[in-house]
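Starting off, we have a lone chain in the form predicted alone, written out as structure tokens.
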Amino acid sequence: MTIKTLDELVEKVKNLPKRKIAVAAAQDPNTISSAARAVNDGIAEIIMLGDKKIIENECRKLDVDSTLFTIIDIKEQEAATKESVRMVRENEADVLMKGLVGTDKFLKAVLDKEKGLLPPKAIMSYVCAIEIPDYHKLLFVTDTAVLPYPNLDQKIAMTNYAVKMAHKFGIEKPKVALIGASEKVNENNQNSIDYAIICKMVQRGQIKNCIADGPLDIFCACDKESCKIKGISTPIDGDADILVFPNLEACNSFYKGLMLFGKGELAGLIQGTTKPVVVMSRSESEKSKYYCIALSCLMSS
């Protein structure tokens, strides 16, 4: 069965064994609300690491029963983060999630060469599934958060991670649109050259179980009528499952625009780590954080 909405993702996860999630510096209202919903819906067990007094106070304000969680009292955010990473690394938890701690400190612990969660020579990236009212299915988008200017190897990793996630949603052969400003390969545009190489790799089976084309603009990636108007013949044909962007600024701005103006919701994860890692902006909605928890449970199954 193909998962076509984020609510369908939740229903899928409800039928899977519950996962343990360690939340670093958990004294954050949106995180507490989303975690409580995950426990009440039976999709996860939550271990809260942080200032116990503040966590319990926030629970009271939110009318959340703090006994839903296992709370480990560690007042200093950096220490709470390191302990959360250790628990996941040593299989005491299945998923790592960021709470109130800053992203830089959080990722520093994740990337620690001796005590972190990234294997040697692995490429860390970020993939999110976005639900938009005006698109007929979920869109998987990468990289919104980690790689500023991905090189060819990093773009290949981004593509592979997104394809793997799409497969988990039941999409057997996802359509990958490699996003650019136009549809022409230009020798002076390194991104377009990288895209041509990726397309050839897909054609030869070096990147498996997907269809890829690019460069394509957003219209030709996601709108069939635009392909007809422009006279562009592409196997994506305005029906993309995955959008791979050339740099972080373009991708980050695209997804935030969908959240703000397109009434989108998302579920996203760090990719390349040994266990799922949930990193959400503090401005993200409680609902999106809940969907991220559900995604982490699916990807760790």
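Fair warning: this is a prediction, and the values are worked out from it, not measured in the lab. Just count from 1 along the sequence shown to find any residue number.
What comes next is about the form predicted in complex with a further copy of the same chain, which is not displayed.
Comparing 168 to 176, 201 to 209, 105 to 113, 188 to 196 against a further copy of the same chain in the model of the complex, the single stretch with non-hydrogen atoms within 4.5 angstroms of it is 188 to 196. a further copy of the same chain is not drawn, but in the model of the complex it has no heavy atom within 4.5 Å of Ile54. Looking at Ile218, you'd find a heavy atom of it within 4.5 angstroms of a further copy of the same chain in the model of the complex. Among heavy atoms of Asn40, none comes within 4.5 Å of a further copy of the same chain in the model of the complex. Although the partner is absent here, Ser253 lies within 4.5 Å of a further copy of the same chain in the model of the complex, judged by heavy atoms. Between the options Glu76, Asp134, Glu90, Asp153, the residue in contact with a further copy of the same chain in the model of the complex by a heavy atom within 4.5 angstroms is Asp134.
Residues from 15 to 33 do not approach a further copy of the same chain in the model of the complex: none has a non-hydrogen atom within 4.5 Å of it.
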